[in-house]
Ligand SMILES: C[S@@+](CC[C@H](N)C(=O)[O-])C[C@H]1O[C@@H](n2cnc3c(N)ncnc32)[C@H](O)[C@@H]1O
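Heads up, the chain below is alone and in the form predicted alone; it's given as structure tokens.
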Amino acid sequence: MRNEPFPFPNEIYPDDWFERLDAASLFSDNNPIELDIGCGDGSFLIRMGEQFPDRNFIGVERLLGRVRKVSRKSVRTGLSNVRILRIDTKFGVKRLLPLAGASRIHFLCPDPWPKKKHASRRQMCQLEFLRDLHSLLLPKGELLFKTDSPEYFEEALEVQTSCDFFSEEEWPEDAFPYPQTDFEEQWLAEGRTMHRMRLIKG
């Protein structure tokens, strides 16, 4: 670790942490940008970068160890279309990520906060958080959400019905190629069911 560069070439390290990033300056081309919010160890992010070389991907993750793991993976695989930003999700979404810069946001397998006293921390159930995600999307941009928690999903679905700035779209299995996250692979192997929601910016 001590001999590794800081930041890694593919890590986003803003000059000003209180100013919105400029989407056009993050990549050397004008390809569509997708955000992976809470990207974990980057398994999904790297697979997307490999599968869709004509798209750019930004992973957002708070934990340094995970960020460095993603950085090493993307450098090792030679991906120029994957960047990683170490930031708290709420702050990054509300203050730092480019406005109207993303064609798609992936919010996959977030912490379900299963204890009743922690349920208020479920971000997909907060209208303010949904509005902030909405502001990051281009017109007709998509927000894709997955969870193995039926309670989290039902609550998110209930909040979505009262939301007038996203419309829900069907998300059949064969809608488009979509790799699994590391959590999803683990949970499906344990026989759990994945619940998913596809929202379109209205």
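Quick caveat, the model's predicted, so the values are computed rather than measured. A residue's number is simply how far along the shown sequence it sits, counting from 1.
Absent from the display: the form predicted together with this ligand. The rest refers to it.
When you look in the predicted complex, the only residue of 69, 62, 47, 55 with a non-hydrogen atom within 4.5 Å of this ligand is 62. Of the candidates 182, 16, 190, 22, 182 is the one whose heavy atoms come within 4.5 Å of this ligand in the predicted complex; the others do not. The closest heavy atom approach of residue 108 to this ligand in the predicted complex falls within 4.5 Å. In the predicted complex, residue 39 approaches this ligand with a heavy atom inside 4.5 Å.
Proximity of residue 103 to this ligand in the predicted complex: non-hydrogen atoms within 4.5 Å are absent; the residue sits far from the partner.
Though the partner is left out of this view, residue 89 does reach within 4.5 Å of this ligand in the predicted complex, counting heavy atoms only. In summary, the region of this chain contacting this ligand in the predicted complex, judged by heavy atoms within 4.5 Å and restricted to 130-138, 156-164, 31-39, 47-55, corresponds to 31-39.
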